[in-house]
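As structure tokens, one chain now follows by itself in the form predicted alone.
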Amino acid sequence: MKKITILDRVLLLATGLLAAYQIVSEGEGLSSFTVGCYTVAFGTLLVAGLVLIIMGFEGLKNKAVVIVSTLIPLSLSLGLVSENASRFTWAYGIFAVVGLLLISITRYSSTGKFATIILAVVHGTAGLIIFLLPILLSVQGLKPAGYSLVGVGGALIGVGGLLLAFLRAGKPLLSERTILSILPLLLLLMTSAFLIGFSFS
């Protein structure tokens, strides 16, 4: 496995600092549930970054990493639904909880096609919501144009999440070295896009 470099750690630290800033700056005019969803998402991102800084990329070998990494897109997408399409909050909330439970169960009980399908469906659905919803709101004039950057972050989190998920599932879409080489920069760009995009909300 690729050894983590000083540059990787610097990029991960910057990601963590941006995630921490987003946690403390979020909340004005939002419901406590929405704020809670965003806090879980960026809090998990912060913790994940710190774990990688301390343990290196070897930390990705833990089965719990797939489960924890799923919290980021699921919590973030649920927060977006709660904030901008509240009538679907309960329905999507049930999907998010069931999806997280299924991923948790299949990580430890199955390594076959079923586990991969569950992973792809849950990550794909959450990623599409994070990508499409902010862009649609911006196009419709319901949010400022800059809010569409949240969608850019959604595209990046979708790519990163699927790369990590399939890597951990033993079905990598790219070589392990390539994934680990681009991961820190991908996380920083993703978090930056979220931070700038949410500043327009």
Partner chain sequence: MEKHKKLSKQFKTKYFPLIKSLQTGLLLITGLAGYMSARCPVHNIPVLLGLTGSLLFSISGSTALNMWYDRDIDAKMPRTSRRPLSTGETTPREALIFGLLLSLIGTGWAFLLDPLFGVVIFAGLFFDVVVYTIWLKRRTAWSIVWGGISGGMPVLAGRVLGIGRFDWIGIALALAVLFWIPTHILTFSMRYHQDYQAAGIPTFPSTYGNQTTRVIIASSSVLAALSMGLAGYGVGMTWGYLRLLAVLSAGLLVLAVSSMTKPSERITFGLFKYASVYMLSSMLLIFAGGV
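All of these numbers come straight from a predicted model, not from anything done at the bench. Residue numbers count along the first chain shown, from 1.
Separately, the form predicted in complex with the partner chain exists; it is not shown, and the next lines address it.
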*Only one of 139, 54, 132, 174 comes within 4.5 Å of the partner chain in the predicted bound form by heavy atoms, so just point that one out.*
54
*Could you check which residue among 167, 155, 35, 67 gets a heavy atom within 4.5 Å of the partner chain in the predicted bound form?*
35
_Is it the case that residue 148, even though its partner is missing from this view, gets within 4.5 Å of the partner chain in the predicted bound form, heavy atoms only?_
no
_I'd like to check something about residue 159: if you look in the predicted bound form, is any of its heavy atoms closer than or equal to 4.5 Å to a heavy atom of the partner chain?_
no
*With heavy atoms only and a cut-off of 4.5 Å, decide whether residue 23 touches the partner chain in the predicted bound form.*
yes
*So in the predicted bound form, does any heavy atom of residue 59 sit within 4.5 Å of the partner chain?*
yes
*For the stretch 32-50, return the residues whose heavy atoms include at least one within 4.5 Å of the partner chain in the predicted bound form, in the order they occur.*
35, 39, 43, 46, 47, 50
